[in-house]
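Next up is one chain by itself, shown in structure tokens, the form predicted on its own.
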Amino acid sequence: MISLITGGAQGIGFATAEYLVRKGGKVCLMDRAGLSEAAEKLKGDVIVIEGDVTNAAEVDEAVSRTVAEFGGLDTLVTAAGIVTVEPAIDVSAEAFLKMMSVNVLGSFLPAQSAARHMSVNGGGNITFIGSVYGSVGAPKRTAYCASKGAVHNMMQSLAVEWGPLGIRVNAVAPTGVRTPMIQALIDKGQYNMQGVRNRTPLGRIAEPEEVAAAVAFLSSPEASMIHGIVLPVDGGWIANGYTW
């Protein structure tokens, strides 16, 4: 399997790359920093490209280089994203637009570029990294919730449009995941770890490797009839209507 992973230098993106390389896959990591360290840790058939997922030309370059060096592109995983915690009444227009740009446009542009290749080369798979907050609301995360809800709905639209082209499109919706981004919120006192544990029937946040396994499954032949879905990877978080 030949994969391009945005946000691939850390967190869910890196864990997915590690999982796919371990299974014999070839992976291109696209990120803005940390790429050489990530490639060194993977020690597999990996190339890296520094780029901005909101820049169409840089995204196209990542797709083109993946195809040129590996001979094709089977799977795209859009793991690049940002999150901020701020009361909605204080969120600036600039901050809101940045969230939508990175999380939504930064998912669409790689999908669009990958689909241009896949549509004339036998199809492929695209998996967006969504969030449980794409389905529910949360205080101080209005822009983030809006962006992930947009990613979920965009995924469904693309699944309807691109399915006939042989391109399967899905998303995963993790709860809290033990990534550097979440750790930064924990360090700032902006993440209620105990609250998440209380709401989650399995009693813990997810590990990046658990999300990676779900992404790898959706990208595999075993998921050949799974299309247009948001797969929760949340330990029952969404299902739970009661907290204690």
Ligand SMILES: NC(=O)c1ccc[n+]([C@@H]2O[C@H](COP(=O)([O-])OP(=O)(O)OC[C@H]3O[C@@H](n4cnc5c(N)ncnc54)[C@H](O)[C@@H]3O)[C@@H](O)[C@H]2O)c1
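Numbers for residues come from their place in the sequence shown, where the first is 1. Predicted model only: the values in this text are computed from it and were never measured.
From this point on, the text means the form predicted in complex with this ligand, which you will not see here.
Ala80 is the sole member of Leu73, Ile126, Met155, Ala80 with a non-hydrogen atom lying within 4.5 angstroms of this ligand in the predicted complex. Checking Ala212, Val63, Val53, Leu29 against this ligand in the predicted complex, a heavy atom within 4.5 Å turns up for just one residue: Val53.
Proximity of Gly11 to this ligand in the predicted complex falls within the 4.5 Å heavy atom cutoff.
Proximity of Tyr144 to this ligand in the predicted complex falls within the 4.5 Å heavy atom cutoff. Contact annotation: Gly44 falls outside 4.5 Å of this ligand in the predicted complex, judged by heavy atom distances. Proximity of Ala39 to this ligand in the predicted complex: non-hydrogen atoms within 4.5 Å are absent; the residue sits far from the partner. Checking 215-223, 65-73, 178-186, 192-200 against this ligand in the predicted complex, the stretch whose residues place heavy atoms within 4.5 Å of it is 178-186.
Residues of 129-157 lying near this ligand in the predicted complex, listed in sequence order, are Ile129, Gly130, Ser131, Tyr144, Lys148, the criterion being any heavy atom within 4.5 Å.
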